[in-house]
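Single chain ahead, written as structure tokens, the form predicted on its own.
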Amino acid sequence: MDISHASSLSKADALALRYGEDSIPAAGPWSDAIALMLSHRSIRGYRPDALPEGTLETLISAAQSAATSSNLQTWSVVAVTDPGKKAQIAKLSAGQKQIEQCPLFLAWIADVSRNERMSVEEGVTLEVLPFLETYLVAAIDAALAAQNAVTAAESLGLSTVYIGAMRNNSTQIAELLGLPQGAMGVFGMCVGYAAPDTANEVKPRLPQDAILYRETYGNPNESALRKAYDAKMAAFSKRNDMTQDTWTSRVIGRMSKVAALGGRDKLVSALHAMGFPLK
């Protein structure tokens, strides 16, 4: 299904694609925007076609319309279109070829450096800057902004994928992008038109009963819900030639060994080096 036609999906069809026919949540209010969000897919193959003039600025307008804690606006974004620089970023991000393929790569930055520069100009000490909470706010701000950009891009018929592997080599990425102290690339994002041979199926998610709790945390049926979801993911993986066939095997493969972090186990020391003391 072409993502540009997502808003034309009926509520039942959109929910069935996301959860499966046997796990559709209770009926509720609906809109074209919700249909678009439920149709989201991470796309890992791109055509080289240039984006229409002004697309970047439109996406950033959407990003800046996201919520930001206390209007601190502790995020920035570096747009990269230079093929050589994209190739360097790809090399530092587990060799993900889609970074080189996409016409636009966005590096989303948790950024308290702007606020720090302001404090110097105003002759005021911002005592909260060194604390973990401040970094957390900046990272959350960047994520909220980026997700707005994703929704905006998909509404324009574009595709996206997040690149968490940009954190594998955070200090090198910072040097490549010329980031000042107090700025860290938390993730990247490819933006472009999906290549025609790229898998484009909506990936099923855990049923809502597995993540939505009412009043208190927990569901005694969690194990059964997980096993049922594993069966759906096994079928999805088979259709899309994925090696790790169930959600359980995916989680275990991703979280059972420190080596799976790909260098991100050293992230705290990298953050310290980039000007985030994390007190």
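Computed from a prediction, not measured in an experiment: that's the story for all the values here. Residues carry their position along the shown sequence, with the first being 1.
Below, we turn to the form predicted together with a small molecule, even though it does not appear here.
Asks: Would you please decide whether N221 lies within 4.5 angstroms of the small molecule in the model of the complex, comparing each non-hydrogen atom pair?
Replies: Contact with the small molecule, no.
Asks: Is it the case that K91, even though its partner is missing from this view, gets within 4.5 Å of the small molecule in the model of the complex, heavy atoms only?
Replies: No - in the model of the complex, heavy atoms of K91 and the small molecule never come within 4.5 Å of each other.
Asks: Hey, in the model of the complex, does R205 get a heavy atom within 4.5 angstroms of the small molecule?
Replies: R205 belongs to the contact set for the small molecule.
Asks: Any chance V78 has a heavy atom within 4.5 Å of the small molecule in the model of the complex?
Replies: Contact check for V78: no, nothing within 4.5 Å of the small molecule in the model of the complex.
Asks: Looking at 207 to 215, 64 to 72, 42 to 50, 28 to 36, which stretch has residues with any non-hydrogen atom within 4.5 Å of the small molecule in the model of the complex?
Replies: That would be stretch 42 to 50.
Asks: Since exactly one of A152, V161, L179, L104 fits, which has a heavy atom within 4.5 Å of the small molecule in the model of the complex?
Replies: By the 4.5 Å criterion, the partner-contacting residue is V161.
Asks: State the residue from Q172, N148, Q98, S113 whose non-hydrogen atoms include one within 4.5 Å of the small molecule in the model of the complex.
Replies: Flagged contact: Q98.
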